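Same protein, same chain, two forms; see structure 1 and structure 2 below, as structure tokens.
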Structure 1
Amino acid sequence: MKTHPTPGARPAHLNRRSLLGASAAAALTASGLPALAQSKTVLRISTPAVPDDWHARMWTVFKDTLEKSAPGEFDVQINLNGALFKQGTEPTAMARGNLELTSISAFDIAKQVPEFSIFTAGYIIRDPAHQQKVFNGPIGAEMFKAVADKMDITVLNTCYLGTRQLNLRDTRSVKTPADLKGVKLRMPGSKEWLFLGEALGATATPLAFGEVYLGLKSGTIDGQDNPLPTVRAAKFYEVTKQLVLTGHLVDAQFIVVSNKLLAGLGAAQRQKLQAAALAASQFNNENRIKEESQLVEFFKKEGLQVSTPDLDAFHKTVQAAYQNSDYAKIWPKGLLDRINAAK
């Protein structure tokens, strides 16, 4: 098992040594008193999420749960705001052994597991309950096996990131996708994301999450799409005037762990990791769903115009774009029907 000296524990140990002198410290260690010198298994976590968003805060729940169930065994290091790895580079970092845990999207997975692009398509997953049914049942099991095989990571849990809505810098009448013609809509930087933006009728513009606030403020982009809790947590409402409730993607974040790390853990430790991921996910899901239902009022109070478009028109246009695309050609036969039938 690959363990790293615990950054938190090591300085304390060194301090003690320098205070007591080497022989006294050795005696203490031999008596088993300070566990300070033991190395813990380091779990480096990286996410672009901002501290106040639920899928950032859930990592504290993960850490606390693990510290209770496996005291002294793990050193959980949480890195937010994309400070450790840039958005989208986490899977590569995990493959190289530089990162143990993160949460990633269907879009991140689709880059390496092309059939996973079915979950990047708009208006396929209906709501959070449907999402849990799909990913916690046989469909999830099959798809996650492909993820483990091709990406060398294991999905521990599926979290609800929220339902993505349009958020515009200036107000405009948006009834159908045609009304978004020419709108520079920021999307995260991959072809699957850009396809979704174009399917919505906009001109999709790639930009990293961390640059969206300034992009909206300065006007290099006309809008962005994200779930309402993220619009609040990242303060996008401060630099936008409108929300269009398209609900185009019931988005997920998959909590993943590197197989390199798992290979070095015993069965009991794996189980504890899994339980901590479940606790984190439940915390995220409960809070996010609750907040999502309250935020429209908050944004209205903040002065944003909130409108609902012709959802039928959006469904039809977006679904047609996917059905006629190369993506649909590689979706496993019958998978869409099975997803639709999951209850």
Structure 2
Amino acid sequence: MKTHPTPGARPAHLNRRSLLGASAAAALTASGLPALAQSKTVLRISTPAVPDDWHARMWTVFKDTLEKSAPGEFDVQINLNGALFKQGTEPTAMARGNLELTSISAFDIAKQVPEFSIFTAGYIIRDPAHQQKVFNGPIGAEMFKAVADKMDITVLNTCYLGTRQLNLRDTRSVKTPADLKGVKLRMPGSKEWLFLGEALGATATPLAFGEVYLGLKSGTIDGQDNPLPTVRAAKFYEVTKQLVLTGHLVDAQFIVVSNKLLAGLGAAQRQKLQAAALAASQFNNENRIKEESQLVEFFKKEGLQVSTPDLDAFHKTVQAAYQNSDYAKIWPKGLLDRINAAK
């Protein structure tokens, strides 16, 4: 008599295949081959940078470098345009374990590490080379330790954001800060930025970045300050007539990683992460500096008057304003002298 399989039951030969398949899968998983994707460490990156910005492109360099040095170990997820977290909210996201990597400004750090506000002051850092000397030496090590202790993040490297220059709606003779009296100079809205604008001799006027172009065109503001690549990218040269090369703030972005992530990595992985951040920073710095060096001629061809003021007068006036302010009271004793002496 023929026997018929119980409805819903699997034939014995299929069960054997399933068992063999499961055993093989288990063996491969144990060897780490097909389970590699599952075991990857996720690195979520958030940045407000737009795709064409060097500060956006550097994250691709970071990802590529890490994939070469640690193939299959990390799942690097790059989120541009502030799509994942808005600018300034990244430190909170990292503290909550919702973000692994980002780049933040000295202004962001100073909110939680007050002594870091020294790097938001005008004429503290002289140029990109001085910036690297300061942050890659003993001063940087000390300040970054305070960041790690107070913010639970680690600075992996320092990126050059650009040197901020004055960009005026109308031409005028600007030799010293006194020549900017009455000039409505747009600045970001925080108290640190507004203090810098006043220290430069102008009337600091808070205005959202997205409103600057129209503000210059309509005369709501008389000028704005930004690195030259930003002046070109935002087309501010279309509604201004002069660039004053004050070089009042050599700005930085710091590539930072969550300490929660670092705690779960081995020493070799940490070194690879550090090396990838260095590669990204060097890529950014080289291209940013090269672009800036070419832009003065670009703006001259666009019809802007380009002038250089008495930089010594600006330097002395602005640093005096800071040294006589409440900001200087929280700066570690002797730190300004050490920064000035770094060569």
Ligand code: KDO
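If you superpose the two forms and keep the largest set of C-alpha atoms that fall within 1.5 Å, you have the rigid core. Residue indices: 1-based, along structure 1. Every value quoted in this text rests on a predicted model; they were computed, and no experiment measured them.
Form predicted in complex with the named molecule - which displayed structure it is: The chain shown first - structure 1 - is the form that fits the description.
Does the distance between the two CA positions of residue 268 reach 2 Å or more between structure 1 and structure 2, the core being superposed? Comparing the forms between structure 1 and structure 2, which are aligned on their rigid core, residue 268 does not shift its C-alpha by 2 Å or more.
Align both forms on the core first, then report whether residue 127 has a C-alpha shift of 2 Å or more between structure 1 and structure 2. No, shifts by less than 2 Å.
Compare the position of the CA of residue 286 between structure 1 and structure 2 after a rigid core fit and state whether the shift reaches 2 Å. After core superposition, the C-alpha of residue 286 moves less than 2 Å between structure 1 and structure 2.
Taking the rigid core as fixed, quantify in angstrom how much the C-alpha of residue 218 shifts between structure 1 and structure 2. The shift comes out to 8.7 Å.
With both forms fitted on the core, how large is the C-alpha shift of residue 186 between structure 1 and structure 2 in Å? It moves 4.7 Å at the C-alpha.
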